[in-house]
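The data below hold one chain only, encoded as structure tokens and taken in the form predicted on its own.
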């Protein structure tokens, strides 16, 4: 039996307690400074407030002030923060973890630089660790898996990636179970880029749901032709962007597309996309969804910003990424959702 400490009691980080306990490991769930209510609820009821199932026995709960106690003797650490906690995790959490302890992050996103480079979060953390002179095998998880279905023990297939394949395989041995199926790879940039891009493009697919509700009524039947058309364009553009990242492979694209599929059918990104499609501005949509973290908006803006920098140097043609550019206009210029359908057509 291993000791697994999960830092960040958001839905996905918390959901990983279930396969970990299925394998008999001790799990210590640590809330960040933003998670006090979650941890208090877990201590009182034994259940995450967003889940419909109690945590299994063998999970203990810690406030952030008790973080160092939760780390004592830990064989592995899982980072369960959102993309808004990336800097905090790198600056506060990683330095306190004992050298050699493998770390697995569920955080999905990309960070852009002024020269148009898109960093994955493990790359950012690796730089911080080098500056500190610390050695922590960094791993990450990507793929089509929603937290609430993982809690329900629905079959889920994901990819664990990391620079050290031994650490990746260790995490697989800790976490894989009869309903949580794990592939492994050392292609960190590929997997992490693919699953970050899907957040942006799921927003685009969801726009069509809102547009059809605006046209036919909120309770009207779903229209799948328009969703499928945007899904097709999203896959084409994700393929291009993975090539731009020097991260293209069939496996990476497949993981991203699978994650896109599951995100389109549920979650926060779908909600905000529908509201934007109905005609709300991004500010109005965010006001409707107060308290909801929307990483899709962040990654869409960052990727579009990087693309425009590269386009100014002649490295990319923005006309080949019309859906990304349209989403960026909605988010940064407050333009209405008016999907440029004809820009998705082509002739070969």
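Everything numeric here is computed off the predicted structure, so don't read it as measured data. Numbering follows the first chain given and starts at 1.
We do not show the form predicted together with another copy of the chain, though everything after this point is about it.
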inquiry  = At 4.5 Å between heavy atoms, is residue 226 in contact with another copy of the chain in the model of the complex?
reply    = yes
is_contact(residue 231, another copy of the chain) in the model of the complex, heavy atom dist at most 4.5 Å = yes
query = At the 4.5 Å heavy atom threshold, is residue 250 in contact with another copy of the chain in the model of the complex?
reply = yes
inquiry  = Please tell me whether any heavy atom belonging to residue 85 falls inside 4.5 Å of a heavy atom of another copy of the chain, as the geometry stands in the model of the complex.
reply    = no
key: Options 94 to 102, 192 to 200, 69 to 77, 261 to 269; stretch whose heavy atom lies within 4.5 Å of another copy of the chain in the model of the complex   = 261 to 269
remark   = Of 255, 106, 274, 174, the only residue with a heavy atom within 4.5 Å of another copy of the chain in the model of the complex is 255
key: another copy of the chain: the contacting residue among 138, 182, 81, 241 in the model of the complex [heavy atom, 4.5 Å]   = 182
key: Residues in 150 to 171 with any heavy atom within 4.5 Å of another copy of the chain in the model of the complex   = 150, 152, 153, 154, 155, 156, 157, 159, 165
